[in-house]
Ligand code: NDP
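Here we start with a single chain on its own, the form predicted alone, put down as structure tokens.
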Amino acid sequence: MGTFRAIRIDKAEKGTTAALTQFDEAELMEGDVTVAVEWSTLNYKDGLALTGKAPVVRRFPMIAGIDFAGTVAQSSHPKWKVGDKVVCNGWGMGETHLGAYAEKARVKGDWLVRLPADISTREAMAIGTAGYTAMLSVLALEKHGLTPRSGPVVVTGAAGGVGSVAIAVLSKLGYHVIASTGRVSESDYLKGLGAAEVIDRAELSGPAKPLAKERWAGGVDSVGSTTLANILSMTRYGGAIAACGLAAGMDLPSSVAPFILRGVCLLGIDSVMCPLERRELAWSRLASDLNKAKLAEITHEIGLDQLIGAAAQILAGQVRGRIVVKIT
């Protein structure tokens, strides 16, 4: 037993505090696999936890971070042996279970996914929960029956982590992608990912009509609130929207009109407690359907000591693409 570097969150008189410190290995929670964490990433939820802007953390002390990739260091789980490359997303890490911003993590072996052979641990975290969630959204749209022949698809929060990966995957699969962003200055970036059109999010920010002109067959929404209400009202008959985020809020100021008059479906995407079989499929599809060159272009690397500062930036919408965090 010894200590290792970790971002620790503690309860404070007013809110919480976050700091890079030494964490005692004896304080790790129960689990049958210990992983030497190599890379993590910064997601919107991580930003909320690190800044204390929302009550994400429900246990103290907490090691922040909702996903990691690394190498199995110890295991009593029959599926895993020392040296296996693994990725872990969700399951309450960084919320109720000690998380990913640390040199070591102890988790249940049933939470882990074997890393595809052609995805490195760094690339896995360039994808991260954001990219994995984007792939879950694409899988849900496909299960609904959406194909490139169905018509255009919209991606909201397009310059963020979920949006960037969703655009890259959907465009590679042959879809006509309409990217919605509050940063129209990022148009070249979004078109480089594969967006065919870029629209200002202002077009989707006013009060939503029960039904508006049909514009797309489906979409991936990471924004929620009024934006989601608007894209639902503009979805073609029989279309579907995969909802996976709440950057603008948890409310949905909509009506039943899109659902009962156009047969539109709202597909809820959960990445935290998603069943293992679906996780494995998502990672397998990411290995084949995500252009690694585009992934590299949208990825920025930081160290553990830069994380807390970056958290405020992601909440302010100042982060483009993906941030990977080098742990060891």
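Note that residue numbering follows the sequence shown and begins at 1. Just so it is clear, the model here is predicted, and its values are computed rather than measured.
One more form of this protein should be noted, the form predicted together with the named molecule, which is absent from this view; the next part is about it.
Undergrad: Any chance Thr181 has a heavy atom within 4.5 Å of the named molecule in the predicted bound form?
TA: Because a heavy atom of Thr181 falls inside 4.5 Å of the named molecule in the predicted bound form, the answer is yes.
Undergrad: Does any heavy atom of Thr133 come within 4.5 Å of a heavy atom of the named molecule in the predicted bound form?
TA: Output for Thr133 is yes: heavy atoms within 4.5 Å of the named molecule.
Undergrad: Whether Arg106 contacts the named molecule in the predicted bound form should be assessed with a 4.5 Å heavy atom distance threshold; does it?
TA: Because no heavy atom of Arg106 falls inside 4.5 Å of the named molecule in the predicted bound form, the answer is no.
Undergrad: Using heavy atoms and a 4.5 Å limit, would one call Arg201 a contact residue for the named molecule in the predicted bound form?
TA: Within the cut-off, so yes.
Undergrad: Does every residue of Val72, Val86 and Asn89 put a non-hydrogen atom within 4.5 angstroms of the named molecule in the predicted bound form?
TA: Answer is no for this spot.
Undergrad: Have a look at 287-295, 263-271, 27-35, 51-59 and name the one stretch with heavy atoms inside 4.5 Å of the named molecule in the predicted bound form.
TA: That would be stretch 263-271.
Undergrad: Counting any non-hydrogen atom inside 4.5 Å, which residue from Leu246, Ala257, Val113, Ala212 sits next to the named molecule in the predicted bound form?
TA: Looking at the other structure, the residue within range turns out to be Leu246.
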